[in-house]
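Only one chain is given next, in structure tokens, and it is the form predicted alone.
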Amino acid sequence: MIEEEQITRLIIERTMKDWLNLAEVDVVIVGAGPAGLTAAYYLSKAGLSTVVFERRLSFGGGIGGGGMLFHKIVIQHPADEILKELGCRIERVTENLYVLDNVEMIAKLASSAIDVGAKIILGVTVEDVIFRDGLSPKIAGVVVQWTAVTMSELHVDPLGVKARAVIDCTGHPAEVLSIVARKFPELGLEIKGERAMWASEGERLVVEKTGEICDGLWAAGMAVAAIYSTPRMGPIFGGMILSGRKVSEMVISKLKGKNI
């Protein structure tokens, strides 16, 4: 017989066990969209403890909405190589362009990240960062709260999660970058927002400009467009995938082999 209290105890016990491990990790990724999930896959595959915090109760970011709610996703080379590695079935339509189902892309990005050890936590909002002072502020983690609490406007103190690297993959709002720009004016960060659409240039620049914003804080995906005011690219997602891989490579290069 299944008893109600047994269910409750198991949920609380196993959740608390996870959160004890999540209190200090190598990498926090904020946002479970295409860039965030791709980065989580490569970071975890490299042996770095990685958690993805997503404020919604679902993952995939803008993939699910596609273009005008149509269910096919367009990507370009060499992003197709990443999705093939993850087991996605893609159709080549030109020398450079490929299409696949948005649901398959979401599911396999997430499952691949989970399979190599990444933890994805839904319903959590990052409302602040942890920092340490040196010659300039170093971002040393995030401050998290349940999204339901923020939506209800209750005053509930949040909790801190330490990390060696924080990656903003929150897309257009650039939520973590916006917090840092507001709280550390000495850094001179300005969230200008993306420019109008130019698909090929937007795809190129979001990958080119992916990188470290200040010590301990990185930007990938459309958060890059928000801070550097690069063009929007619309419903093509190769740049997001490539940006996620690039930021993971940069973080791995900086952190691998160093102690927390």
Ligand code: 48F
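Heads up: residue numbers just count along the shown sequence, starting at 1. Keep in mind it's a predicted model, so treat the numbers as computed, not measured.
Absent from the display: the form predicted together with the ligand. The rest refers to it.
The ligand in the predicted bound form comes within 4.5 Å of no heavy atom belonging to residue 166.
Contact annotation: residue 216 falls outside 4.5 Å of the ligand in the predicted bound form, judged by heavy atom distances. Among heavy atoms of residue 35, some come within 4.5 Å of the ligand in the predicted bound form. With a 4.5 Å cutoff on heavy atoms, residue 233 counts as touching the ligand in the predicted bound form.
With the partner left out here, the ligand still marks one of 19-27, 247-255, 234-242, 6-14 in the predicted bound form; by a 4.5 Å heavy atom cut-off that stretch is 234-242.
Contacts between stretch 41-69 and the ligand, counted in the predicted bound form as any heavy atom lying within 4.5 Å, involve 53, 54, 55, 56, 60, 61, 62, 63, listed in sequence order.
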